[in-house]
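Quick setup: one chain, the form predicted on its own, written in structure tokens, and binding and motion questions come after.
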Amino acid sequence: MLSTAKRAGAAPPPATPNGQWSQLPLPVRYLKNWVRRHRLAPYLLLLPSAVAIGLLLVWPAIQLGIYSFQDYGLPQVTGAAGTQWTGFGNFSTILSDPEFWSSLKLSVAFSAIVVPLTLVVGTLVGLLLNRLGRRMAAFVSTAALLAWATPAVSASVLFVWVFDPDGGLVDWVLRRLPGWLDGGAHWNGFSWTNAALPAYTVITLLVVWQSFPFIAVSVLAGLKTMPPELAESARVDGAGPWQIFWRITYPVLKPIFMVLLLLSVIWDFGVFTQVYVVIGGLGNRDEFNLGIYAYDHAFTMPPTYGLASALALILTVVLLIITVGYVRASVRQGAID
């Protein structure tokens, strides 16, 4: 009697997973069982992002590769002329162009100067932020991040105004410096864009000013993960700041520095916006780096999209070689697991 009453007054048991499974349509049950058996759930979650990346990056890269083997320009875009396959003609044209090699040398020299400067300045600012108090560190980091968040066009226009030969702040200051600091009237109306050296001096300052906050914040984040006992014990043993950095801080943060170095090389090798604004477009061809050289072929009249696509592939291969060689060297040194 008691067991019967309990069975009569009790609520119906909840549906079991097997019961819910049996209520699904047969194709859905088969699909879920197949996904579970092959452990494909994580890949299905990544599928929307993979499709977006494919549409935005992979397919344009495939089109770029196809155009690099064609004589592709406005007649082909408008349909006025048919597609003409040139094989490796675009690549041979670029590699035989002296302007390409001068642009490549300028890009390599620019990267060789800007990348170390950015890493050194960013590391010093990161070390400074780690030693400051909370309020002062927040103020300095906010001021630095404002430079990093400034759009490249706005920052470039600001530097062009500062270095303007007609009333610019830099020429005004240089005219008033004493003679032993190379100041004087010869700076009156000095143009910073009439040659590659002064123009890329301005571009170097601009790129370093915009890039060092990212390095500083990354280094600061790495410093926050270090146990403070390491530096304290080294300080007790008589080590100075330079020895603490090279013997303790740098080995611990070496993976971070490796990644920052690689990213800086990729970003600075083909910089375009800052160079285009500072040199004033396509006027002086002696100031062309690879980014401006590719833009000149792709968007000046008549545009040669095939040559520009071949140049983009060459740049991609160069950066891939640098990246692969760098990663392999880092793995051998133990900086990257």
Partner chain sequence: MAVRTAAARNVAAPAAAAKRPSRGLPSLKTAVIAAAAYVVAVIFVLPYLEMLITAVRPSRELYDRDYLPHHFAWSNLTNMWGSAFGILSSLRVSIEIAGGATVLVLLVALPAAYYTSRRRFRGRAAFLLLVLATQILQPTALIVGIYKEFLSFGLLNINPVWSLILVNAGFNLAFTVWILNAYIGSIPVELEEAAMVDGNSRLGALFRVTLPLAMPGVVTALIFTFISAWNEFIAALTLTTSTSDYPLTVRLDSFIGQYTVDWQHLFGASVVATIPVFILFALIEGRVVGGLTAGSIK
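In this text, the rigid core denotes the largest set of C-alpha atoms whose superposition between the two forms falls within 1.5 Å. These figures come from a predicted structure and were not determined experimentally. Positions refer to the first chain, counted from 1.
Omitted from view is the form predicted together with the partner chain, to which the following refers.
Peer 1: Please tell me whether any heavy atom belonging to G167 falls inside 4.5 Å of a heavy atom of the partner chain, as the geometry stands in the predicted complex.
Peer 2: Yes, G167 sits close enough to the partner chain in the predicted complex that at least one of its heavy atoms falls within 4.5 Å.
Peer 1: Can any non-hydrogen atom of T300 be found within 4.5 angstroms of the partner chain in the predicted complex?
Peer 2: T300: no, not in contact with the partner chain in the predicted complex.
Peer 1: Evaluate P151 for contact with the partner chain in the predicted complex, applying a 4.5 angstroms cut-off between non-hydrogen atoms, and reply yes or no.
Peer 2: It does: once the partner chain is placed as it appears in the predicted complex, P151 has a heavy atom within 4.5 Å of it.
Peer 1: Please tell me whether any heavy atom belonging to L128 falls inside 4.5 Å of a heavy atom of the partner chain, as the geometry stands in the predicted complex.
Peer 2: Looking in the predicted complex, residue contacts with the partner chain include L128, since a heavy atom lies within 4.5 Å.
Peer 1: Considering the partner chain in the predicted complex, find the one stretch among 193 to 201, 177 to 185, 118 to 126, 92 to 100 with heavy atoms no farther than 4.5 Å from it.
Peer 2: Selected range: 118 to 126.
Peer 1: Check each of I248, L223, L104, A144 and return the one that places a heavy atom within 4.5 angstroms of the partner chain in the predicted complex.
Peer 2: None of the other options qualify; the answer is A144.
Peer 1: Name the residue from A234, A81, V108, L132 that puts a heavy atom within 4.5 Å of the partner chain in the predicted complex.
Peer 2: None of the others qualify; the residue that does is L132.
Peer 1: Let me know which residues along 182 to 215 have a heavy atom within 4.5 Å of the partner chain in the predicted complex, or say none if there are none.
Peer 2: Counting only heavy atoms within 4.5 Å of the partner chain in the predicted complex, the contacting residues of 182 to 215 are W209, F212, P213, F214.
Peer 1: Could you check whether the CA atom of F299 moves 2 Å or more between this form and the one not shown, using the rigid core for the fit?
Peer 2: No.
Peer 1: Taking the rigid core as the reference frame, tell me whether M136 has a CA displacement of 2 angstroms or more between this form and the one not shown.
Peer 2: Comparing forms between this form and the one not shown, the M136 CA shifts below 2 Å.
Peer 1: By the 2 angstroms cut-off, has the C-alpha of G54 moved between this form and the one not shown once the rigid core is superposed?
Peer 2: G54 C-alpha, core-superposed: shift of 2 Å or more.
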